[in-house]
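Included below are structure tokens for two forms of one protein chain, each presented in isolation as structure 1 and structure 2.
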Structure 1
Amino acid sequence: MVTSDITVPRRIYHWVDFVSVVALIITGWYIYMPFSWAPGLMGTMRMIHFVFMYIFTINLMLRIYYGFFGKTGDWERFIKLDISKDTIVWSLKHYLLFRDCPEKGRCGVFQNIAHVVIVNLFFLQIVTGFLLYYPESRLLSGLTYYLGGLTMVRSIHFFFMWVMVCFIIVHHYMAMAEEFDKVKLMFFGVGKEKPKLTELDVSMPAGAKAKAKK
């Protein structure tokens, strides 16, 4: 049987992450700009935001643990970029002019960048979120000050929401258009022939790929 690198834990992570980010965006948006035509929601919306912020945080921590000690050991994906003149030119041609990729799996510079950015953004979102959660904490006030005060922390948290909205739009479009097999794998665990991640995953850095191939 051909096994896939998109293992069950990774799929569970992706589902939980997807649901909680969507919930956090909807509730966060409401917290920022509550509509007055449907009163009575703020308490509930904040409650949902706080429940999902824990789910989201724990989920990410588990994923990072899995990245280091799990079966796929793909932690490099969180920080490593496969950028060179070649890959950038190939990716541009591939995405803008719809050329075929000269070297399989190395035309995903933009997906690659987006992944690295988004993981770190999640992390910063958690940090700013907890600063907002404990606004009167003496312990955390130093970090809040360093980031430019509570107003700035709120703005950063809010701005990242927009970045995430954009990420969700672009990431899912690209995934559906370029790697539909992978999408099916990620969400439903079904694929035509359960291909290996290394062949599918255009955004995986070379080092991790070599490791996974072994």
Structure 2
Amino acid sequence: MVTSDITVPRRIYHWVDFVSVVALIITGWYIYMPFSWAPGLMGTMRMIHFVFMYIFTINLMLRIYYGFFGKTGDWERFIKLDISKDTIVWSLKHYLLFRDCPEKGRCGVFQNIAHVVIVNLFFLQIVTGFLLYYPESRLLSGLTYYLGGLTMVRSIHFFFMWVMVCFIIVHHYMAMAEEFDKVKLMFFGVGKEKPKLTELDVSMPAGAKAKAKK
């Protein structure tokens, strides 16, 4: 059964994030290594890349805010790792051998790790991206020097772009293997169960709301 915490704000974030990441990957690849079959597009690609850089950054900040103050209160998924030998073994059986989970949440350790890692990776990409965007900034130049200069920052930024590509592939495989109906709900709002929460209610922290219900 589809979980009821995939609300409209989460779906909007996911769509904006998905489109932004795809746009950033394509344009970033071109900026680093212009395609021989599409010459003369550097100015356009850089402009698109920078626009989506801001969209991606703002979208991430809003998602973190919603994680803390939204009614689903799912902020822990971005910072808390729930790892044990049992969950690792069952997750491997689930994703590699297609075994059913003995109980809900027991096979999601890799998704949990992925959420924590990808948020930190997003922040790393944002920081290195701004270092490249503002190379003459006095505020940022010290960090650029510490990381080995603009050439090294550019290589780090490009390398982690490919890490993000691998993450996207693995993340979608795990999501579809775990619960395909949940993927349909996330992308299209179509599922066996609709969200039961008041989706846009962010008037107070989720923890306080939970206590108020008690």
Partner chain sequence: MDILKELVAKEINRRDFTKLCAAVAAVFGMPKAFSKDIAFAAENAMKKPAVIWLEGQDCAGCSESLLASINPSVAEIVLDTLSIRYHETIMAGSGYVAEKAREDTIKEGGYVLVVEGSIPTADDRFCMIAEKPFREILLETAKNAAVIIAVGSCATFSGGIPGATPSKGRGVTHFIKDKPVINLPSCPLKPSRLVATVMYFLASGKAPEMDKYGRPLAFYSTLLHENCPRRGHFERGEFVTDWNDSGQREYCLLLKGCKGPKTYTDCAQVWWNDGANFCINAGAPCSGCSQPEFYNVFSPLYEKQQTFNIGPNTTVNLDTVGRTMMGVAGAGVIVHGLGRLASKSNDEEE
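By rigid core we mean the largest C-alpha set that fits within 1.5 Å across both forms. Numbering for residues begins at 1 and runs along the sequence of structure 1. These numbers were taken from a predicted model, which means no experiment stands behind them.
- Where the criterion is the form predicted on its own, structure 2 meets it and its counterpart does not.
- Once both forms are fitted on their core, the CA shift for Val117 between structure 1 and structure 2 remains under 2 Å.
- After superposing the rigid core, the C-alpha of Ile83 moves by less than 2 Å between structure 1 and structure 2.
- The Cα position of Ala38 differs by 2 Å or more between structure 1 and structure 2 after fitting on the rigid core.
- After superposition on the rigid core, the Cα atom of Leu96 is displaced by 2.5 Å between structure 1 and structure 2.
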